[in-house]
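Only one chain is given next, in structure tokens, and it is the form predicted alone.
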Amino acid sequence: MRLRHIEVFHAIYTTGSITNAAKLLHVSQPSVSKVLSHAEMQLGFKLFDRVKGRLIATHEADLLFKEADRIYRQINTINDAAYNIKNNDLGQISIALAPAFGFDLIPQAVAEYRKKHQNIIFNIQTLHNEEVLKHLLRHKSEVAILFSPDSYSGISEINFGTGNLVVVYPIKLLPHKPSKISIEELEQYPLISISDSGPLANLINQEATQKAITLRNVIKVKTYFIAVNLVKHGAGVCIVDEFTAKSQQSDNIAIAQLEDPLEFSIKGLHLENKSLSTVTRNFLDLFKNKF
């Protein structure tokens, strides 16, 4: 039996007549009769007997209906899935991101997106810049969102906006709570450094070199929120991205802008030869509006 045969057979069996089946399928009665006749001819046995103007299912039809009903339900499932895909209500969004985006920006965007698209599944991983190329090439995520990532052959970029580096300091250390601090002033304080490499660390190092100053890196970390937590415990000051700083505020620390701003880009990276899914593109549009 072809799928059309199954659809017509199922409609006649469940509604009890060709007239009702035609209404259910939104086709003409002759069309239903023709498909039924063709199905019976291919099968080699009758599916319905006409008794006093009514169609009565044959024993063979009763035996066949269970399998036909299973296939019919599967067809409906496929149709439902196609409808949901069309309306962005089905699929998976797999993203990797710099840890700083995991505090507020991405959680806010995910929660907002899922209010309208509750069948979407999210797979979120954290990632450092030096891991991004290998991560994308191994298809571990569809897109990676990072601070000032390097450009790679075969990798497309999405520009989301920019951010700034800020200084986080213990209020006990600077009780006058300055809203701006020059990088030269930081020479006198113990600095919690965000490692020796990476785009944000490079920004700081380049600025220090240009201004011929030496920062006292007393503690080195790789994750920005650890640097802020060390500041909370009075271990020194740190220069981190504004997103991490804002998400980790407490009563005993304060945030200051740098007098000479250090700006970085925020970009999404994905494989050039693999287009992003519709649901992922829609989510990234929502995320971009956060900047």
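A quick note: this is a predicted structure, and the numbers were derived from the prediction, not measured. Rigid core: the largest C-alpha set superposing within 1.5 Å between the two forms. Numbers follow the displayed sequence, beginning with 1.
Beyond the structure shown, there is the form predicted together with the DNA, which is absent from this document and is the topic of what follows.
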property	result
70, 246, 38, 233 - the one with a heavy atom within 4.5 Å of the DNA in the predicted complex	38
Sole residue of 252, 29, 265, 58 within 4.5 Å of the DNA in the predicted complex, by heavy atom	29
Proximity to the DNA in the predicted complex (heavy atom, within 4.5 Å), stretch among 50 to 58, 219 to 227, 234 to 242, 252 to 260	50 to 58
Site test, 2, 5 and 17 vs the DNA in the predicted complex, non-hydrogen atom cutoff 4.5 Å	yes
Flag for residue 23, CA shift 2 Å or larger between the shown form and the other one after aligning core	yes
Is_shifted residue 279 between the shown form and the other one (CA, 2 Å cut-off, rigid core)	no
Per-residue C-alpha change between the shown form and the other one, residue 11, threshold 2 Å, rigid core fit	yes
